[in-house]
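Next up: just one chain, as structure tokens, the form predicted on its own.
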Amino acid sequence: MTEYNWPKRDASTVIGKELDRVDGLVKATGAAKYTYDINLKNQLYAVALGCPHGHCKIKSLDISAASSVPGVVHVHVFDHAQPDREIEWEGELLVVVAAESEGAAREGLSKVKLEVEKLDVFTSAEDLQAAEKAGRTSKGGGKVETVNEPGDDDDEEEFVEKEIERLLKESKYVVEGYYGIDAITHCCLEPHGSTVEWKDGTLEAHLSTQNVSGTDEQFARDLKVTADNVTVHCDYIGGGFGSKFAPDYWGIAAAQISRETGRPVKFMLSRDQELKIAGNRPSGYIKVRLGADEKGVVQVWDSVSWGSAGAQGGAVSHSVLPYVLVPKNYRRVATTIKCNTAPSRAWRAPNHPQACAMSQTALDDLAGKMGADSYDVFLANLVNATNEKADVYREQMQIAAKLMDWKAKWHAHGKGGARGSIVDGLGMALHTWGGGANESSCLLKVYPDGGVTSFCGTQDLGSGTRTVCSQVLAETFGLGINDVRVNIGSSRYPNSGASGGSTTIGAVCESHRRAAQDALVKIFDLAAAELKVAADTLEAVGGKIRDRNNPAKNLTWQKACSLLGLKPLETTASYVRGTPSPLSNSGVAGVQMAHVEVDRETGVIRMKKFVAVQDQGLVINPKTCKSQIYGAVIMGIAAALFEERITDPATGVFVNAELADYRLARLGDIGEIVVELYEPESERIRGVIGNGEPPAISPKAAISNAVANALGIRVPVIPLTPKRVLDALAKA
């Protein structure tokens, strides 16, 4: 049985080297074909009408004029768009028009006649009292843990209330605060959609997805065919971030139209539809009371939180509050608000960015009240870390502080010097994530001429999956990264899990390393007979199979592979999620620090420097790994300072659902970003762990804390827009 392992790092290893992406050139030159680029012969172009109201009941929908427009081939009406059906958010697709050209389809769409009865609208997730008055709330549950247990005769609720008050009264420092983070929406560079075609009863779907191996079954279920009759392709994807796990009802509609018309159909969401209905990150708001001892260690936490994930309910999970640093005494009560907004979807570390921004801000306000360095207060509260990462955080904080020059730049909250109206400040936050490997299978072929090819039904969201798989194979066989070929992006390849939860890197490393080591054992057996040495003394290094005890005894890789005969050697290896393995692991930690400038006259915040220190076990490619962190930080800066979904409270209309209005970070907005990969041997030996999500968690809290340090007051709700800064200053 093969003993799976990673090699010790030395000058000859491919793993751990900063290598360019193997698909970088085709992407940079435009040769890479994304789903949006797929155009099939004789295809129809589909466009959709979204509901223009935040809440309404359909009275009638007339498509007769649309059907008669020259070039229109098919008009599809969704079941939820039938008369008397209620629509609860703006943008919900009602009708799809498929035509010979996009122009004809849009003309047909303009002829659709929709009559509705407008219903009451509620979108103000931040206003808990208004939501309660409107009957839009439901309790999301709560949990209490205290040092003592109620006696047999005690009413639990009354007992807990008394315990909380007692603990707060006994605290040296008490902080009461209000914090929040608004909803933001997915706006992937490549919108959701697909180009689909039926061939002899089989659906070929070019789908922009982060779930290649899983979406064929979803198509099959809704189309009432077997999964064997569906093939999903996704060679390249222009972003997903948690929003592209399914074909969605518009993808199913494209397949239905294609089946009915007998022609390929291209159906991609428009940019405003992408922002309106393709998913969002729920809002969250919280009122907190915490009590700390003389050292600033939090002893008791009492919070009421609320928020909205849309018309279908849901909100930020109260179970992650307070975030990471959890005292032994806490009470948390959550309320869900139903708003007339589209349903939320997973978004790069679901729940964690909001929880971090809603709780580690309170910890920073504790430092402000104490007049203490926030660094020292976070350090003191590592005793409350719930993920057994206190020692890792401690070392990461030291590294981050050195990179930021924290001790030299730090000042008490609101006590820094000013340059005219400009003040500066420092803030920090920390985070955690699982990142354990998903399931994955790899079919590997080693050819008699030395060629190496793998097949795996995974996908590359842009994180460098092809490159990492190539490095693993090259490392195992002692080859260069260009000596192997990795095939991904088809549901016809062996199953590999969806790219969610930072699970892909560990998964594909598991399956590719296992398949390659299994193949190498067989090649060693053949080479050993040829070299007349024991197979267990052989190693694959520098394009050769050689005796490690006598390197002069060797075969070139090509010569060794020629011993296979006329047929390629095939091995298939799989990894089952959750199985203990020396190749992958789970559980990471990260620390981030922000340095900002704030103009007290205009309310404008400018990023000066951002430091991110992150562990992820064994790093396969530092270049692509750092790239993930840079992207996460930039995403966090956008969410902290600019990005928000703005809805009209009277109509429920998403008023800034165009990229011209939906503010994101530009190049001049991000300042200097410093990324440090934390990879001591203690972490490296744990194996590969995903890092797509963890570095996206802390930026909002770190930046909010930096602004509070600069101003000496808290701007309570994120994004920290100039108006909110000025309002907070005026209130103070």
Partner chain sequence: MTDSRNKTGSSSGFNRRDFLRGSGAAAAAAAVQTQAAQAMQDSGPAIVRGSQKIALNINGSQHDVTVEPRTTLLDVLRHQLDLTGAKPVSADGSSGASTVLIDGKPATASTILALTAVGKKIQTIESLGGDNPDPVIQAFVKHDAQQCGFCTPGFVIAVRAFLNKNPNATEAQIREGLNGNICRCGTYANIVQAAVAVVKGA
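These numbers were taken from a predicted model, which means no experiment stands behind them. Positions refer to the first chain, counted from 1.
Missing here is the form predicted in complex with the partner chain; even so, the following discussion is about that form.
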Exercise. Going by heavy atoms within 4.5 Å, which of 374-382, 430-438, 632-640, 315-323 lines up against the partner chain in the model of the complex?
Worked result: 632-640
Exercise. Counting only heavy atoms and a 4.5 Å cut-off, does the partner chain in the model of the complex sit next to every one of G30, E107 and E190?
Worked result: yes
Exercise. Does any heavy atom of N39 come within 4.5 Å of a heavy atom of the partner chain in the model of the complex?
Worked result: yes
Exercise. Contact between Q628 and the partner chain in the model of the complex at 4.5 Å, heavy atoms?
Worked result: yes
Exercise. G238: heavy atom within 4.5 Å of the partner chain in the model of the complex?
Worked result: yes
Exercise. So, in the model of the complex, is R666 in contact with the partner chain at a 4.5 angstroms heavy atom limit?
Worked result: yes
Seminar exercise, completed: Contact with the partner chain in the model of the complex, heavy atom within 4.5 Å, among T185, T215, Q614, T123 goes to T185
For this session: Counting non-hydrogen atoms within 4.5 angstroms of the partner chain in the model of the complex, say which of Q517, S243, T624, S490 makes the cut.
Result: T624
Problem set entry | Contacts with the partner chain in the model of the complex, stretch 14-29 (heavy atom within 4.5 Å) | D20, R21, G24, L25, K27, A28, T29
